[in-house]
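Here we start with a single chain on its own, the form predicted alone, put down as structure tokens.
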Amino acid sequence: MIFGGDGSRTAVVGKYDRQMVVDTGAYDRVLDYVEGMRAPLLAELARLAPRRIALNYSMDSEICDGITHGMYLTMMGYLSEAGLADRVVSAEGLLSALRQRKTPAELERLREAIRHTEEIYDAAEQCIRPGMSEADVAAFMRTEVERRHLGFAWDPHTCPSVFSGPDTAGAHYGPTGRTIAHGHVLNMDFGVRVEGYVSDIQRTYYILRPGETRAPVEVEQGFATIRDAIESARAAIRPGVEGIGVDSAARTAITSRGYEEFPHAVGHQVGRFAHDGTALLAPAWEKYGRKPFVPLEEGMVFTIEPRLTVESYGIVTVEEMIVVTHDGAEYLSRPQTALRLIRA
């Protein structure tokens, strides 16, 4: 698929795929081949005479790294033959812009996914009881997803993730047979897919002990710290700022109250996948490459998800979804501003 600087859209495909591609209406020209794509491809490049050729590879952004290594070598062989190899650049900038800036229609689909997610969380809260297992809660939520004829935001093995009490496996692990008990902090990570777009939201609960009417002070303090860190991050967001500054605002809100810093980025983009886009709300760590330094733009959708450990109780973490606006950021999800209490 070749998108020219002159606005032209050309597809070079095998002979028997031609009509299917023509029928999409997406291309001005559909060139087919029998023996190989070299001749029609090089002819089209000669017609375009490009100064730069952007291939969909990237070292920093997985959503822009679409070409396989073998196809990259094949393409570079063709371009070397045509004397064009020195004009190759990464298409990361173009592809990132396309994926990151959400249109009103895309935002509407994201809002619908969020609505379903929050309703399923509300339903799950009414059924959670001490003695249930993490897997029991996950099964209830999966049944709700299926009843609503929705998709899962990521692999159903870990969607939802359910973690109860101290010493759990941590993020990105499937629900287990661990029993939900009085005095546990319970957190869940969950999202659904609606018309190709997904949500990604986390909620935290406390399982009241007999006689308790509120969570222990240290649990309440931990939750308040997370809530404030999320708002600090949201308040730091506006077009033009870099994600590293947003991450720093949340990270400082955590460490300034004596907690250890969380071992991950404070937020990632959401769109067609739960982890989408290139720009990241993250520290300048090796694994994040250039992502923390990409300026934020209006229309980007992010999560904000700091976490901390409350010893002997569990992990306190909340994940909200926001959209970058022309002068700041607004919540797409309904913020969890109070610890959710589960009574026996």
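Keep in mind that this is a model prediction, so the values were computed, not measured. Note that the rigid core is defined as the largest set of C-alphas that superpose within 1.5 Å between two forms. Residue numbers run from 1 along the displayed sequence.
One more form of this protein, predicted together with a further copy of the same chain, exists but is not displayed; see below.
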query	finding
The single option of Gln221, Thr74, Thr179, Thr252 touching a further copy of the same chain in the predicted bound form, heavy atom within 4.5 Å	Thr74
Triplet Glu146, Arg334 and Thr337 all within 4.5 Å of a further copy of the same chain in the predicted bound form via a heavy atom	no
One stretch from 74 to 82, 191 to 199, 236 to 244, 126 to 134 that, in the predicted bound form, holds residues within 4.5 Å of a further copy of the same chain by heavy atom	74 to 82
Non-hydrogen atom contact Arg51 with a further copy of the same chain in the predicted bound form at 4.5 angstroms	no
Contact flag, Arg290 vs a further copy of the same chain in the predicted bound form, heavy atom cut 4.5 Å	no
Any non-hydrogen atom of Tyr313 within 4.5 angstroms of a further copy of the same chain in the predicted bound form	no
a further copy of the same chain contact at Asp28 in the predicted bound form, heavy atom, 4.5 Å	no
Neighbours of a further copy of the same chain in the predicted bound form among 28 to 42 [non-hydrogen atom within 4.5 angstroms]	Tyr33, Val34, Glu35, Gly36, Met37, Arg38
Core-aligned C-alpha movement of Met59 between this form and the one not shown, 2 Å or more	no
His326: Cα shift of 2 Å or greater between this form and the one not shown (core-aligned)	no
Threshold 2 Å Cα movement between this form and the one not shown for Glu311, core superposed	no
